[in-house]
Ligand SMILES: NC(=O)c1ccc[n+]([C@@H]2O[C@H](COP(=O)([O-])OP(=O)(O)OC[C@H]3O[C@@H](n4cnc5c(N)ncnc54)[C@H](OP(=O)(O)O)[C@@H]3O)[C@@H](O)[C@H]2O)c1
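The form predicted on its own is given below as one chain in structure tokens.
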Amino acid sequence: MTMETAPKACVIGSPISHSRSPLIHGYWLKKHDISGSYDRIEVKPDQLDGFLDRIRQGELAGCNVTIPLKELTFEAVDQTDDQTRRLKSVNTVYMLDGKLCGTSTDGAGFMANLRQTVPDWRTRSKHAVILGAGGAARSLVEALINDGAATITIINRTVERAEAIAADYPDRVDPHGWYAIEHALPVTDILINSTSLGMTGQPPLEVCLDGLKSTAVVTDIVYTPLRTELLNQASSRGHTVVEGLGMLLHQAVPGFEKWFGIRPEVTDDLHDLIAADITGRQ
């Protein structure tokens, strides 16, 4: 079976109705006058293998992957790159040379957003502090190290999870429990919330930024709301802040290029479109 002239892609997960990926990719399809499509498809863990066969058979050009399927997809694809093998998580699936390939674009999306908002971040940010030690934190550690961060501190309520990530990056990552925040803030160049705390419908992220280095950049991977309480607090103190929405937009770029053959741009118009959708649903 071969793929139709108009390529089709989608985002899979469960639940999936909240995903803004169709709005993002739909914007690019229209902008570049591509007669393809991008949809949401509900896929539960026990349905994953059958769904991926649809890509192998050419029915679909590929897909994005969200919770709870990222780790399962890593195990199911035929080929991954070195970075993705370290992360053990896949969010983008595509075909190459007859093989089902998987990669993770979360880290690249974070870095592209950071570079776009703070072009001189490398000269300002030698010490990064990441709150949380989940899959997102692991992606950010990998990306930050590859992009030149000298030292990374991971702070997590369960220190063992931070230690598990640090073990893969000896001499570069320092794990601590939540108690360490107060001591880390004065020497922090970039503070990153990688948890879901502060997201609409989730418990708040209770962090007081008193003592944070005055030149520090503060960023949050949460994008609902667009401006979290962490970012509001940082902004009121005069810190440069980086919203999470940009990461969502930039992480979508590589997949679109692989499926539809054109590398799209993250523009103000696209940002405003997705921001309006987020605001409208709140």
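Just count from 1 along the sequence shown to find any residue number. Since the structure is predicted, the reported quantities are computational estimates derived from the model, not experimental observations.
The same protein has a further form, the form predicted together with the ligand, not shown here; the description that follows concerns it.
> Which one, 144-152, 188-196, 120-128, 168-176, holds residues whose non-hydrogen atoms are within 4.5 Å of the ligand in the model of the complex?
Replying inline: That would be 188-196.
>> Does any part of residue 254 reach within 4.5 Å of the ligand in the model of the complex? Heavy atoms only, please.
In response: No, residue 254 is distant from the partner.
>> Using a 4.5 angstroms cut-off on non-hydrogen atoms, would residue 157 count as touching the ligand in the model of the complex?
In response: Residue-level check for residue 157: yes, a contact with the ligand.
>> Within 4.5 Å, heavy atoms only: does residue 242 come near the ligand in the model of the complex?
In response: Residue 242: no contact with the ligand in the model of the complex.
> Is there a non-hydrogen atom of residue 43 within 4.5 angstroms of a non-hydrogen atom of the ligand in the model of the complex?
Replying inline: Looking in the model of the complex, residue contacts with the ligand do not include residue 43, since no heavy atom lies within 4.5 Å.
>> Under a 4.5 angstroms heavy atom criterion, identify the one residue in 234, 61, 248, 48 near the ligand in the model of the complex.
In response: Contact residue from the list: 248.
> Out of 105-133, which residues reach within 4.5 Å of the ligand in the model of the complex, heavy atoms considered?
Replying inline: 106, 132, 133, in sequence order.
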